[in-house]
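Before any questions on binding or motion, here is one chain by itself as structure tokens, the form predicted alone.
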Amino acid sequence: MSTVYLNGQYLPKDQARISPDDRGFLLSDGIYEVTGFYEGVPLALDRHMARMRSGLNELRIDFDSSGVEEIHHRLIAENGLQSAETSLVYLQITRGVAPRTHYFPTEPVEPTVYAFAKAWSRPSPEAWNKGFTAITVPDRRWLRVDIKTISLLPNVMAFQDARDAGADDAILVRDGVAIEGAHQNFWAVFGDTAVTHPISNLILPGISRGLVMGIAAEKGIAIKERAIMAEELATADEAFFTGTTGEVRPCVEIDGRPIGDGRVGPITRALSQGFRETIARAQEKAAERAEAAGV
């Protein structure tokens, strides 16, 4: 039985209890973060925490985030994931337990904080090299996608549309623009330039997206932030998604049409290799810190 964190306690998952009056349950009134770990080392945890604090501020949830990083590390240890090649910590913070109203509680409320850790697996090299498929679907989400809220029904519906169509992923289209994936940021490559939607209220500022932009700069790969029209996808040379568990995920077919020559392209491969190198550097730095601390 896995160990989870709930409101200051570490306990077996089957003993965790959340009130039916929690505003997260009743109103999706909360935010979440998912942080990847590699052999017990987090990737960009500081960036995840910064986005978490930004979301809490936007929703006006009063929460002292000191100690949240320690929760992540302890959950990895409590669940024996220090040596797991890939694992993650899911953290969810809701406004807390209060009478159901369509406005914020008038009295102070303690937020509900829940977190768990689990292993996850990358696709096999064969599957990654073959690439993945996607379909375009309408973007049914609200207009503050930049806040990582727990209200994900439109994303779930989009993924179900993809599954029903026999595709691996969904690309959300709003006003003719291919904005992002159902749970990952989306990129298309035109010539030698990787293009992705600019940061706005209509996309989530992905942590992996930011890392990949830095990797591209290191490798001399041109990046452009602009709207990608859905009709342009037919002329793209490559396409890929970026996300915590997707890392750099190649997309070789959209709406039944091959992208480029229908194979994983060189820019996608270079950025994926750079992502692995970024992970390795994080692990090396963690090892150096542990050695300096005498651990």
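Here the structure is a predicted model, which means the values were calculated and not measured. Don't overthink the numbering: it's just position in the shown sequence, from 1.
The following text describes the form predicted in complex with N-(5'-phosphopyridoxyl)-D-alanine, which does not appear among the structures shown.
Region of this chain that lies against N-(5'-phosphopyridoxyl)-D-alanine in the predicted bound form, out of 124-132, 198-206, 99-107, 218-226 [heavy atom, 4.5 Å]
Heavy atoms within 4.5 Å of N-(5'-phosphopyridoxyl)-D-alanine in the predicted bound form occur in 198-206.
So which of I93, A188, A178, A182 gets a non-hydrogen atom within 4.5 Å of N-(5'-phosphopyridoxyl)-D-alanine in the predicted bound form?
Contact with N-(5'-phosphopyridoxyl)-D-alanine in the predicted bound form is made by A182 alone.
Does every residue of R51, N155 and T242 put a non-hydrogen atom within 4.5 angstroms of N-(5'-phosphopyridoxyl)-D-alanine in the predicted bound form?
Yes, because R51, N155 and T242 each have a heavy atom that approaches N-(5'-phosphopyridoxyl)-D-alanine to within 4.5 Å in the predicted bound form.
Contact flag, H72 vs N-(5'-phosphopyridoxyl)-D-alanine in the predicted bound form, heavy atom cut 4.5 Å
No, H72 is distant from the partner.
For A230, is any heavy atom within 4.5 Å of N-(5'-phosphopyridoxyl)-D-alanine in the predicted bound form, or not?
Heavy-atom contact with N-(5'-phosphopyridoxyl)-D-alanine at 4.5 Å: absent for A230.
May I ask you to check whether R141 falls inside a 4.5 Å heavy atom distance of N-(5'-phosphopyridoxyl)-D-alanine in the predicted bound form?
Because a heavy atom of R141 falls inside 4.5 Å of N-(5'-phosphopyridoxyl)-D-alanine in the predicted bound form, the answer is yes.
Any non-hydrogen atom of L27 within 4.5 angstroms of N-(5'-phosphopyridoxyl)-D-alanine in the predicted bound form
Judged by the heavy-atom cut-off of 4.5 Å, L27 is well away from N-(5'-phosphopyridoxyl)-D-alanine in the predicted bound form.
Which residues in 13-39 have a heavy atom within 4.5 Å of N-(5'-phosphopyridoxyl)-D-alanine in the predicted bound form?
Those in contact are Y32, V34.
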